[in-house]
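Just the one chain here, laid out as structure tokens, in the form predicted on its own.
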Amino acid sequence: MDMALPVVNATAAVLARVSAAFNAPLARAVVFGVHIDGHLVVEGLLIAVIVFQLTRKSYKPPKKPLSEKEIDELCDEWEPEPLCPPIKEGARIDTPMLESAAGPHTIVDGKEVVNFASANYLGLIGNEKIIDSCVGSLEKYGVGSCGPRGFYGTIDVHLDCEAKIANFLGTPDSILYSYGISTIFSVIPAFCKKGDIIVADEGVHWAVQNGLHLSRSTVVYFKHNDMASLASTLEKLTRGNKRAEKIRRYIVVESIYQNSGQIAPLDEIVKLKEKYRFRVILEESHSFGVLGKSGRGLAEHYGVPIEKIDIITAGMGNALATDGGFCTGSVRVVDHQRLSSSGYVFSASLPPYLASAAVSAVNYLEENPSVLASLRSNIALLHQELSDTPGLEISSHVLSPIVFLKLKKSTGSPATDLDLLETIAERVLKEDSVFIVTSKKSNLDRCKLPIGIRLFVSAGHTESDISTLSSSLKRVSASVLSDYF
């Protein structure tokens, strides 16, 4: 097409001159009694030339085919694009390998260590009653379910677990998911659709971010755990906006933020929700079994009626020391997911022994509320011990089982900050046999909160464990960060 255009323009110019000659008084003809002017002949010729130029091939293949040698040379020279981009050296993850259960003490690379890297909040990993319930379930049901819940994958223990969680939290119904992290990013798209508005905390972790992305809703972030920012955002979205009154609107927050250890002020969030007529989706993976007088989560902690929270989700791999997740709320909220939530509809159901473990873990919590006092005592002691750690400061809530340490003074480079924190974690493990981790994020994680060292406190930790961690962290951080504070 591009090659034909100059030829067409040149032809048109020549024929324009010819047309002038044909339009002279003598340039007329009579065909079958019809007078034909010269310009009609010229226009016909012009159309024929244009059609010819448009239909001709712009590329003529070589008459002589390539030889076998030429084909081989071309193949040798061709370099395909890589299937995946190369992994940068700094992005490689070389994590320590556990060789025993991830309890308060575990074995890493053949050496016993104090474990502050596992979210075993109630210390239930290795609990004999839970193990016995799993063994009984394995003997009765086998390992897997081999089918999704809606297609011969529902087993009576699933229904028992759903009823147990609903009764424990005081909600009408609940629904089980087979994988903890998939719970929240299946629930959000099940309710939030294109055209809806979601107001989310900027500190939510990757699973929540993925759910927001999959929903295709309009997502607006507010400053991390800042209620003034949330109120301002809601006001801007609703003030004078009649369209906003007719579409679904949600607030999405975590009860305890995985990326900071902060606790969401649910009482204020509920007030804003009611004022601006939004729904609340609350992610409770790190607060279920931890917060509240009896471990019933954030609503119990703040004394907020559970029915004021529209949708609650949680993974069961933390306090309950099992796997899978659940969503709880009204009967309509739960029934909607049984047909519309991808993680529920298309995944094989939760292995029965894991559902049995969850039931046993909730039973244990109800029968032994003192375990919560032990957990909170350990959290308070660790805060006290680490309050004067050189170069590091605690930024998490005093009741959060995630004790989050960040640099008092950032170097200005996230990569350099991460290198310093990982050096501290590596030395603490190597020199003092204390297993800790940093909050290293993947390239998919859009959270912009500062990175830090994330310590998971367990009710199973002893004062000696906490003292060992504290002294090691203080000594190593003083050495590594001596030039930065």
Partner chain sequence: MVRLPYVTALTTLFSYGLLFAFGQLRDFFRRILDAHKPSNLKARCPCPRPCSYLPGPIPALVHGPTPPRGAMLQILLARCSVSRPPFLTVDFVAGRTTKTSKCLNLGSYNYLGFAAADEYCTPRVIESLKKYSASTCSVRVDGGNTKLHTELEELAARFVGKPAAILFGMGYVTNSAIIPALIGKGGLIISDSLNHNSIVNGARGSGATVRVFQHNNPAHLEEVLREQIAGGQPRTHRPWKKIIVIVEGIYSMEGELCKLPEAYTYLDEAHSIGAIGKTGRGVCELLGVDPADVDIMMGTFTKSFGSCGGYIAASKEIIHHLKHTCPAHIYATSMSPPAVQQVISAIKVILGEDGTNRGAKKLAQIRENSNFFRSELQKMGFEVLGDNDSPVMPIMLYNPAKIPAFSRECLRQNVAVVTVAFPATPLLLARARICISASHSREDLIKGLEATYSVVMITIQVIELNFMPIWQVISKVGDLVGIKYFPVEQEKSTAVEKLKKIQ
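Residue numbers count along the first chain shown, from 1. What you see is a predicted model; the values in this text were computed from it and never measured.
As for the form predicted in complex with the partner chain, it is not shown, yet the points below apply to it.
Engineer: Within 4.5 Å of the partner chain in the predicted bound form, counting heavy atoms only, one of 295-303, 224-232, 376-384, 247-255 shows up; tell me which.
Structural biologist: That would be stretch 247-255.
Engineer: My question is simply whether Pro390 lines the interface with the partner chain in the predicted bound form - judged by any non-hydrogen atom within 4.5 Å.
Structural biologist: Residue-level check for Pro390: no, no contact with the partner chain.
Engineer: My question is simply whether Gly240 lines the interface with the partner chain in the predicted bound form - judged by any non-hydrogen atom within 4.5 Å.
Structural biologist: Result no; Gly240 lies far from the partner chain in the predicted bound form.
Engineer: Would Gly412 count as a contact of the partner chain in the predicted bound form, using a 4.5 angstroms cut-off between non-hydrogen atoms?
Structural biologist: No, Gly412 stays farther than 4.5 Å from the partner chain in the predicted bound form.
Engineer: Please determine whether Gly170 contacts the partner chain in the predicted bound form, using a 4.5 Å cut-off between heavy atoms.
Structural biologist: Answer no; every heavy atom of Gly170 is more than 4.5 Å from the partner chain in the predicted bound form.
Engineer: Just to be sure I understand the contacts: of Leu272, Leu407, Ala190, Val362, which is the one whose heavy atoms reach within 4.5 angstroms of the partner chain in the predicted bound form?
Structural biologist: The option sitting close enough to the partner is Ala190.
Engineer: Heavy atom within 4.5 Å of the partner chain in the predicted bound form: which residues of 107-126 qualify?
Structural biologist: Counting only heavy atoms within 4.5 Å of the partner chain in the predicted bound form, the contacting residues of 107-126 are Ala117, Ser118, Ala119, Asn120, Ile125, Gly126.
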